[in-house]
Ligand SMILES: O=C(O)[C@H](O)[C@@H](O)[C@H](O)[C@H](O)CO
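Next up: just one chain, as structure tokens, the form predicted alone.
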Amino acid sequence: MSSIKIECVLRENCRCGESPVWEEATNSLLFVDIPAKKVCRWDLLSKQVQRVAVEAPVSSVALRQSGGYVATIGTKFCALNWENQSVVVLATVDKDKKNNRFNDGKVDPAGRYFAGTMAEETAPAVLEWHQGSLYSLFPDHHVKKYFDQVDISNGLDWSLDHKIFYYIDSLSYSVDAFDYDLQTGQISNRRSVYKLEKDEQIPDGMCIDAEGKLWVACYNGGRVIRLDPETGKKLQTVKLPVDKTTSCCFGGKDYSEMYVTCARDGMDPDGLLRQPEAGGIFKITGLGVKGIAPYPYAG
């Protein structure tokens, strides 16, 4: 795999970049900077970035079938109109937990927007445990709660046959699988498919490739790892020049490029000197595998 190339394509200095999503229609990469309360869109051709500021930490963004985007802002599922930068609240969760916020989110193959919550951190990965829950916003805007007692709700995706839901609660250091019913959005039979090794650090965002293998960004581990969820084996490790890798997605022409977000919050001045690209957007080419297009929210 010597043909792998890693480059920082955007020095955005995100405090905590997250939720990269490829938008084929505009040939651009969407992502968020959670504590900076910004949704960003980077145009691959012009190399320009547009940014929309919102009123609370914004933890994920997704495409919307009817146009525009949806995003998780604070503890709210929201619709985002890019043209006039307006935000409309679709639903609110965790009303009894004033210190909570959403974290990672993604749309399932039927158009439901899944996202989980966590307690607000006092420092990166330092927080009150067991405060989060996993939810989904259905196309009719009703919300379903799946379970609680989550520490840091994180990466999520679905198998290519849509029968398995993959999920990460970061502080369990595990990538989990559930049986998935696409018709109803029900999940069942939770089990671990991969436990992270010590040097891999904290599992964060995740995506699936066209061969059904999972890619997991390892926070503080400075890498993305490729896993076979059926055998529980790690197939590949790609190291990046930054430690705080947060999430990954496929994009570009034919979804053969991987985009990786990362963070700089929690790094000392020495660390930032050693890793000047921390908080940037990285592109990995030459992986020899493609991804699949993201699903849009159907509501």
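One rule holds for the numbers: they count along the sequence shown, beginning at 1. Remember, it's a predicted structure, so these values are computed and weren't measured experimentally.
We do not show the form predicted in complex with the named molecule, though everything after this point is about it.
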(message) Take the pose in the predicted complex, superimpose it on this chain at the site, and classify the pocket for the named molecule as open or blocked using 3 ligand atoms within 2.4 Å of backbone or C-beta as the minimum for blocked.
(response) open
(message) Taking 4.5 angstroms as the heavy atom distance cut-off, pick the stretch from 138 to 146, 99 to 107, 75 to 83, 186 to 194 that is near the named molecule in the predicted complex.
(response) 99 to 107
(request) Using heavy atoms and a 4.5 Å cut-off, decide whether 16, 202 and 219 all contact the named molecule in the predicted complex. (result) yes
(message) Exactly one residue in 152, 225, 206, 115 has a non-hydrogen atom within 4.5 Å of the named molecule in the predicted complex; which is it?
(response) 152
(message) Quick check on this chain: which one of 125, 93, 164, 134 has a heavy atom within 4.5 Å of the named molecule in the predicted complex?
(response) 125
(message) At 4.5 Å between heavy atoms, is residue 121 in contact with the named molecule in the predicted complex?
(response) yes
(request) Answer with yes or no whether residue 34 is in contact with the named molecule in the predicted complex, where contact means some heavy atom within 4.5 Å. (result) yes
(request) Give, in sequence order, every residue of 231 to 267 that has a heavy atom within 4.5 Å of the named molecule in the predicted complex, or say none if there are no such residues. (result) 246
